[in-house]
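Here's a solo chain for you in structure tokens, the form predicted alone.
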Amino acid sequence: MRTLAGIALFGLVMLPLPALLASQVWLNFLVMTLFFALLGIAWNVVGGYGGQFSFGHAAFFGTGAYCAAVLQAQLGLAAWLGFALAPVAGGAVAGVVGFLSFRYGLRGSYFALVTLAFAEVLRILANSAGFTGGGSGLLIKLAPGAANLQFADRSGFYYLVLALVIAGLLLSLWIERSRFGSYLVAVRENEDAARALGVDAFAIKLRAIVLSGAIAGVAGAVYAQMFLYVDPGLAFGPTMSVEALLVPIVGGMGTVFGPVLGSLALHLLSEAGRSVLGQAPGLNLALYGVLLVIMVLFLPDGLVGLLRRVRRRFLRGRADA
């Protein structure tokens, strides 16, 4: 109940913010923070709860983005149809990657490298295919209106991404409390022992990566609608894969609120670095690398783990007093 109440409180706090913010810069900051939290939630399903570290979530993200863009730019279909089919496309690609990886028992670094390779293969294919616009990418026609999933200002996208993040948090809570989630955590902790107890590790991991890919596909469709442009480097490049895994690692893997806290921390760090050091090339990656080293060395449980330890010490101090 405490986590469910936390999700409700999160929604109540976030709902009025667009009306309270006078600056579009901060509104855009919140939109991108929520967006990468959604991408982190996608990775957290298979990486945090399942222990299967993916280095190529851009494969699923980019598939969703191109699904939305191609249907609109090339076929002239409705934006909402692309938005609905994006998770199907992302989940399908994830299913192929998961089936080929888990069927042959790939784990750890081998699985990570396979996902990275798939993302790179899709980037090369998108770069050379005609229907994707090749290296030039695809432009989605500007047609403001909710029917076209285009909004006059960022507040429309803010509420869209906020709704998706809340849905993702509720899904994460369900995973924590469901039998599927228990099996997934058992596979993460000791796959061989889980198999010995009768858990179908292959099926559990495959379901997890399909679900993860579907959420990443939704994030890709949202990205395409926000920027009305997709190209192979943006869709399938390493940036999205790095952000997807860093967000839950910093916030706390295998936790409900880890991706939200991680996304907020990363983007506050990025803004602070930009204010102090300017627009230096590669600045974000350098800052993210330093933060990742700090988290691994001193806060392996992420920010959620830190908050839990602080809370325990506070309660212990009150009890002693």
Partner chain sequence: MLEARGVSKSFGGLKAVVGVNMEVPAGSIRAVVGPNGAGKTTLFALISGFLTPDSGRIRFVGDDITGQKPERICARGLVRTFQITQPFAGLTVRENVAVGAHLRHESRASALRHAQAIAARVGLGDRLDQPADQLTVAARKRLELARALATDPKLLLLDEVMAGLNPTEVQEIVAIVRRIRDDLGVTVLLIEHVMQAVMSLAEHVLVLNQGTAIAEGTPAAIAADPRVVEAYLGHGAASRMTGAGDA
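Predicted model, so just to flag it, every value in this text is computed and none were measured. Residue numbers count along the first chain shown, from 1.
Another form exists, predicted together with its partner chain; not displayed. Remarks below refer to it.
Student: Although the partner isn't part of this model, could you tell me whether residue 199 comes within 4.5 Å of its partner chain in the predicted complex, counting any heavy atom of the residue?
Tutor: Answer yes; at least one heavy atom of residue 199 falls within 4.5 Å of its partner chain in the predicted complex.
Student: Decide whether residue 147 counts as a contact residue for its partner chain in the predicted complex under a heavy atom distance cut-off of 4.5 Å.
Tutor: No - in the predicted complex, heavy atoms of residue 147 and its partner chain never come within 4.5 Å of each other.
Student: Closest heavy atom of residue 102 to its partner chain in the predicted complex, within 4.5 Å or not?
Tutor: No, residue 102 sits far enough from its partner chain in the predicted complex that none of its heavy atoms falls within 4.5 Å.
Student: I'd like to know if residue 239 sits close to its partner chain in the predicted complex, meaning any non-hydrogen atom pair within 4.5 angstroms.
Tutor: No, residue 239 sits far enough from its partner chain in the predicted complex that none of its heavy atoms falls within 4.5 Å.
Student: Heavy atoms within 4.5 Å of its partner chain in the predicted complex: which stretch in 91 to 99, 240 to 248, 78 to 86, 171 to 179 meets that?
Tutor: Within 4.5 Å of the partner lies stretch 171 to 179.
Student: Identify, from the list 111, 223, 158, 183, the residue with a heavy atom within 4.5 Å of its partner chain in the predicted complex.
Tutor: The residue in contact is 183.
Student: Could you spot which one of 164, 194, 211, 71 gets a heavy atom to within 4.5 Å of its partner chain in the predicted complex?
Tutor: None of the other options qualify; the answer is 194.
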